[in-house]
Ligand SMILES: Cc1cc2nc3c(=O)[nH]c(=O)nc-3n(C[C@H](O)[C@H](O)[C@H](O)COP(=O)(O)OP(=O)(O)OC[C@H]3O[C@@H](n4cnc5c(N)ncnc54)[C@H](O)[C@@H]3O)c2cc1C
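Next up: a single chain in C-alpha cells, the form predicted alone.
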Amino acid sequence: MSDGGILRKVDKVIRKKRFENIDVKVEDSVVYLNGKVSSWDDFVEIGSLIGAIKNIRGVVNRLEYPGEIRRERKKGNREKSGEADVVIIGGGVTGCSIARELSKYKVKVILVEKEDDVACGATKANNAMVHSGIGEKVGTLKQKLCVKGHFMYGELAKELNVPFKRCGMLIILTKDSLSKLKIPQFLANFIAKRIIPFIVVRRGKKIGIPIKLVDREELMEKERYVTERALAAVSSPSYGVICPYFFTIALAENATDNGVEFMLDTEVVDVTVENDGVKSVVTTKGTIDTRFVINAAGLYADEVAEMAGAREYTIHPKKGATLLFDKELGNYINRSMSLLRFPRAEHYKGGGIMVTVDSNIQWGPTIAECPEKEDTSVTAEDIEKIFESYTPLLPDFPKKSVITYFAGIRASTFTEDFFIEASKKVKGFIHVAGIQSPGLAAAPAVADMVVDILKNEGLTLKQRESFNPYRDKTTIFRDLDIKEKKRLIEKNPRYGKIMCRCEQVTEGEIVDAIHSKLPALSVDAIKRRTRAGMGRCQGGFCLPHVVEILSRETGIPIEKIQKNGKGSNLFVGKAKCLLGDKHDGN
C-alpha cells in the first residue's frame, strides 16, 4: 500500500473515533502522530488502532497527554573511549544472543548496558517459557522466529552448560472455555471437545511443530489434579523452560571468552550520525567510534532510535505479574498448562501454570497497559486476577504456598510485532525492537537474522577459527553427589559452608560468582547466578551473609553494597552511628 493509501486509512480511523488536534504524516509506511489527546488511554487506543492497519511498518506516537512522564537524558562523555565494528545497545537475552553470535566472526564488538549486570530488564521478569509458536498470530515475524528459535535451545543449552527442559505444554479446553459466548452449553461443549482441538493441531502442523490431541481420559491420567471440568487438550511437546537470566549470563560469558567487550553500568546518551550514517555512540563513560549500532535496548529502543534520528516506532509498555510457589509443590504438575478461553484477549496468549527448571511452579503472567517503563509493582488486584484466571485449571492447588511475586514489562510496539530491520533513515543503524513475548524463545533466531542484516548492510564477516562455543559449567553444590561434594570441600573448605539454607548455596559458589568472568557486584547479581535468596524465606536468612562476603571479596564497605544497581543501598551505616557522637538522646 502506498503512503497516500495508508494516510487515507489513518484519517478514517481518527475521524471515526473523533480524535481532534492530531497531525498525521506517513513516510516509508511509518505513521507519525503529533498533537494532543486527553489521556494515556487515548494515547494507547489511537496508536493501537492505527498499528492494526495492514501494511504499516510502524507507528511513531508523539501525542502528548496529561501526566506524561518524560525521562531526562543523562550527560555523556564526548572523549573517545574506544572503537568497534559493532556496538550493541542492551544486555538482555536478545542483545547477549546477538553478541554471542557475532563472536563467531572476526569483528570487534562492544555491548553497552546501562545496568550493572546483564538480564536486568524484561529478561529477568518473564515466565521463562521457551514457547513453540503455537500461540502467536500466523504470519507475524515473532511467530516465524519463535518457531525457529525454540528448536535451537537444546544445542545451545548443551554448549553453554545451562539447565533446559522440554517440559511440554498442555492447552486445555473445559466446559467453561466458551462460557462468555452466548451459546447453549451442549453446543459449547461439543465445539470445545470436537472442533477447537483439531483446529489447534492443524495450525501446529502447518507451522512445523510437533503437536497432538489428548482426550479427557489421557489428560486426567497425565495430570491427576487438573479440573474435572476438562473436556480435552492439545499437547505441544516442544515447549521448553529455561532460567532466562542464567541463560543470558551464560551467553554473555561465552561471548566474553570469544572477544566481546561488555561495558556495564554504562548508559547510551546519544548516537552521532554523519553523512546519513552512524559515526559513534556517546555513553556516560566515553564515546565509541563505530560503523554499526544494534539497537536492542528493549523498553528504551524508541528513545535510542530517536537519538540517531531513526525512530520508526513507539514502545508502549505492558506489565505482567507472576506468582511463584514453594518448591515443595514441584511435583504437583508434570508439565506446563494453559486454559484456552474464548473470546481470546488480543495480543495475549493467556498465561498459565508453568513449571520451572528449579522445580518451582509459577502462575501468570497477567497483561495490562502501563504508562511507566519502570513500574514493576504488583498490586493486590494483580494477585487476585492471577488466582481468578488460573484456579479453574487446578481448583485444589494450595495457593497459600506463594513465596514471592514479581512483574515484568513487555516492550510492545503498536504493530504488536517484532521490528527487526536496517533503518531506512540512518545507514548502519539496525533496529531490534518490539521484542515482547515470545522474545526469549526467539532470541537465537533473532541473532541469526541480525547477522544476516549486517552482512547485507556491508559488514564483512569472516569466521573466527578460534571460536569456542562451550562454556565451563559452574559449580552447583546442591546438584552434586556425596562423593563430589566431599572432594570439593577438601579442595576448598568454603564449599562446606551453607550460606543459603533454602537453596543450599555455599560460600564457595558466592565467591565464584563475585570473581566470575562477568563479576556479580550486587546482591541481586549474586542471586541470579547462585539462587541465594530465591528460596522459601526470600533472603531472610542468607542476606547478611551474602552482603558480608560481597564486602569482604570486593573491598566495598557494607553501607555501599547495592541490592540491584545505583541507588539501591541496603544499609546507611552502623547502628550506633545513628545515635550521634554524644548519645544525647535525640
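Numbers for residues come from their place in the sequence shown, where the first is 1. Since the model is a prediction, treat every value here as computed from it, not as a measurement.
The next section is about a form of this same protein that is not shown, the form predicted in complex with the ligand.
When the ligand is considered in the model of the complex, V268 lines it closely, a heavy atom lying within 4.5 Å. Residue contact with the ligand in the model of the complex: E416 places no heavy atom within 4.5 Å of it. At least one heavy atom of E115 is located within 4.5 Å of the ligand in the model of the complex. At a distance threshold of 4.5 angstroms between non-hydrogen atoms, A125 is in contact with the ligand in the model of the complex. Of the residues given (C500, V304, V260, I315), V304 alone sits with a heavy atom within 4.5 Å of the ligand in the model of the complex.
Contact annotation: of the candidates G135, P444, G92, G428, the single residue with a non-hydrogen atom within 4.5 angstroms of the ligand in the model of the complex is G92. For the three residues A252, R471 and P519, a heavy atom within 4.5 Å of the ligand turns up in the model of the complex in no case.
Segments offered: 295-303, 78-86, 334-342, 380-388. Contacting the ligand in the model of the complex at heavy atom distances within 4.5 Å is 295-303. Residues of 436-456 that come within 4.5 Å of the ligand in the model of the complex, judged by any heavy atom, are Q436, S437, P438, G439, L440, A441 in sequence order.
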